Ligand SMILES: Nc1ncnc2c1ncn2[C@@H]1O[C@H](COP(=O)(O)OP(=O)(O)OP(=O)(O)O)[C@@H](O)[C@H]1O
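The chain that follows stands alone, in the form predicted alone, written as structure tokens.
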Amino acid sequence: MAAVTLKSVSKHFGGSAVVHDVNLEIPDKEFVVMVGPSGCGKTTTLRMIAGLEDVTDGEIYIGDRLVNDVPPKDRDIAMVFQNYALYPHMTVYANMAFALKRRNVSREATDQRVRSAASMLGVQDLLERTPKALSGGQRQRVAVGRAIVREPEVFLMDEPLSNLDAKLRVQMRSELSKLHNRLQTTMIFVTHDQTEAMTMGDRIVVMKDGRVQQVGTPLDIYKHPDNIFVAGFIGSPAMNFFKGTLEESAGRRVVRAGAFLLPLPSSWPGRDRLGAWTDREVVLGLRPEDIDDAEAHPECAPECCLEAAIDVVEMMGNEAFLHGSIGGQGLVARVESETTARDGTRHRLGFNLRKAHLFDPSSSAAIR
């Protein structure tokens, strides 16, 4: 097993830079998820680690070995692609055994590895089938099994769940996490789905426009985003943002957002360090679950309650999403399904401002 280290890694296609100065240390046995929107550079970064793309600048190490000029076959990595890339004319057994055959692994050792991996993934009864006789989830398991039998130092996975239906994706997320726990090997998983990132990774690498925006544990990134992009990208529904001005009124710090005020409680972290931001523009962020149905929660402080115009109520079964606006600024609230709010009505909402985030509108960086 091995750690993976990227030092000032960049990639240019012609005159266009698609990955900018990425510095990342992935310890041995860690499960890291690289997440971001399409075109952010996450797959290109993964392909540079695999050796499928040349590095324009910087260095990549697998363990203590510099691998910039090492061909993919000699990097001791295994990659699982989005489209599975199974040989259609071969059986499941032959697909899984192919790489071992090329390496001249003995027939007995090959058989043991293939059957062990197949049992681990629940495809032991499918070994004589060809890929066309398998479901999407079964093909995905075979693709993972083909990587497992190689016993590589590093697993690289490029959006391997994107072709599966919603139910199977949830199942495979759990299976891949359990697989990592069993194998205890380094895994780097690329996805554009922030739910996959939050549920699977030991750490998350958030990327945008070829740059790393933040690296941290799922909970740290969720609770302490470094900038507006990370705050809005991680979490579903996305964080609400209210543009306003930070003011001081009667000894209290408040955000004046157009026609309404949002007071920061005395317990707000970093409140005493906001002096430099008084009378300056800020962006206040609040997650949907931190906006309550005030009519269902009479304990909400009156100064933290505002009346919103509700456009759409999305009933989700165990909860409801209220889509609306206050003072011309849109919002989404995540409330109990028993809410009395209805489409096209006005409804009082309570803001849990202890959970609020403040951002610099110019740099988008968090104010802490």
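Worth saying up front: this structure is predicted, and the values here are computed from it rather than measured. So that there is no doubt, residue numbering starts at 1 and follows the sequence shown.
Heads up, the form predicted in complex with the named molecule isn't pictured, but that's what we're talking about next.
Contact annotation for C40: at least one heavy atom lies within 4.5 Å of the named molecule in the model of the complex. In the model of the complex, the named molecule lies within 4.5 Å of some heavy atom of E159. For the chain shown alone, T44 is a contact residue for the named molecule in the model of the complex, at least one non-hydrogen atom being within 4.5 angstroms.
A residue is said to contact a partner when one of its heavy atoms sits within 4.5 Å of a partner heavy atom; V18 meets this definition for the named molecule in the model of the complex. Comparing 56-64, 32-40, 324-332, 309-317 against the named molecule in the model of the complex, the single stretch with non-hydrogen atoms within 4.5 angstroms of it is 32-40. Proximity to the named molecule in the model of the complex, taken as a non-hydrogen atom within 4.5 angstroms, holds for one residue of Q82, Q138, Q214, T185, which is Q82.
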